[in-house]
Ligand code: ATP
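One chain follows as structure tokens, the form predicted on its own.
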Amino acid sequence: MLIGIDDTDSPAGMCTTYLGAVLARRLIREHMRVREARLVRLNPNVTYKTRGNAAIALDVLGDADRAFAIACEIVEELADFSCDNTNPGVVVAEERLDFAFYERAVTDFCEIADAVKLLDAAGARYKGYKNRRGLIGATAAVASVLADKTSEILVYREPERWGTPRAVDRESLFAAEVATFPHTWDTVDIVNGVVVCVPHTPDPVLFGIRGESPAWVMLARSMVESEKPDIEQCWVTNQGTDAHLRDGKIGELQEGLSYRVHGIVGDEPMTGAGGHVSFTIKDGDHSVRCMAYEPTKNFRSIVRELVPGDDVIAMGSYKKGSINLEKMKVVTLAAPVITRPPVCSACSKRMTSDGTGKGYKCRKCGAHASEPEVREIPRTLAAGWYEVPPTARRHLAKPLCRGEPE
């Protein structure tokens, strides 16, 4: 069977992955076999998400009725029902649900009624709490098929420590990154000197290591020194895969979806209030604003080097009329030039315009020239891919250390 759970956490605490890890252990004690633990990130732009919009699925061998009862018991025991925005869902299906539902939940928006219709058609066991919105994520997790997948080991705190400052040795995290990158990523941000993998919210997670396989994340985890953990769980995930991106065309983008968009830079990047950098890209008569916000740090320096005429691919979420950049490819560089009146060959003075379409004239000797002086500006920016730093990377965004996007 496949057990899906979603929407059990809140900004004040709990974590759906922790609840899933606890469930896995209780099922094992009931003599069931947990074959896989899966962490599925869904559309990051959903406005009613609590934090990272993650659902979990467990692949289990055992009695489906008993597993459903245990899953509901744990949700009722651990979910943060005090939060208005926490609306858990539990699904147990004895066959994988339609993959199209998962795909839509990652790249678009789904309705509760759509999830219920799919669950009823499959004869699945399910229970939604409060407004039942968690059934969407739980259904999507059970329907998921990961063509590309990564791993994350999540280390959880002892319950009595929840909400207190975390004790994780900073130097051991940097050492783990150096020893295992690029097979693991986003443990720390070396360029900006920031720890990334330790959350700041009052939930059960102590830290998490992301990477290409269970072996690599567990190796990095073994190097980390910290307070005594409670339990640990290695998850198969769609994190770091760009699963949320769809091909888009300027002029046809929809609010709240994430895209790959091709266009030509239409103006000089501008730095606005707060250090946010913006520029437009265009495709024919249509244009769209691209944003590199202040948290993207050194990525903004790359953006500022763009000039009108550069051919780029922008990747990110389309929100409030802008593409919020996660990655960018400079396909080809324009050859920017400075055009100005030529220098007179007779008296070495710079000429001035002699009127529209009339060329240039030397005011000292009266000599004429028809062509301006054109000088190419050298570019320091190179064609290729650029990405935001680990501190600003979204869960689903594929880091370039995993290879260039297709």
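Predicted model, so just to flag it, every value in this text is computed and none were measured. One rule holds for the numbers: they count along the sequence shown, beginning at 1.
Beyond the structure shown, there is the form predicted in complex with the named molecule, which is absent from this document and is the topic of what follows.
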Exercise for the section: May I ask you to check whether Ala105 falls inside a 4.5 Å heavy atom distance of the named molecule in the model of the complex? Expected result: yes
Problem - is_contact(Phe109, the named molecule) in the model of the complex, heavy atom dist at most 4.5 Å - result: yes
Handout entry: Close approach of Leu58 to the named molecule in the model of the complex, 4.5 Å, heavy atom
Key = no
Problem - 4.5 Å heavy atom contact, Gly52 to the named molecule in the model of the complex - result: yes
Completion exercise
The stretch from 142-150, 204-212, 317-325, 127-135 that lies within 4.5 Å of the named molecule in the model of the complex, judged by heavy atoms, is 127-135
Handout entry: Members of 198-232 lying within 4.5 angstroms of the named molecule, judged by heavy atom, in the model of the complex
Key = none
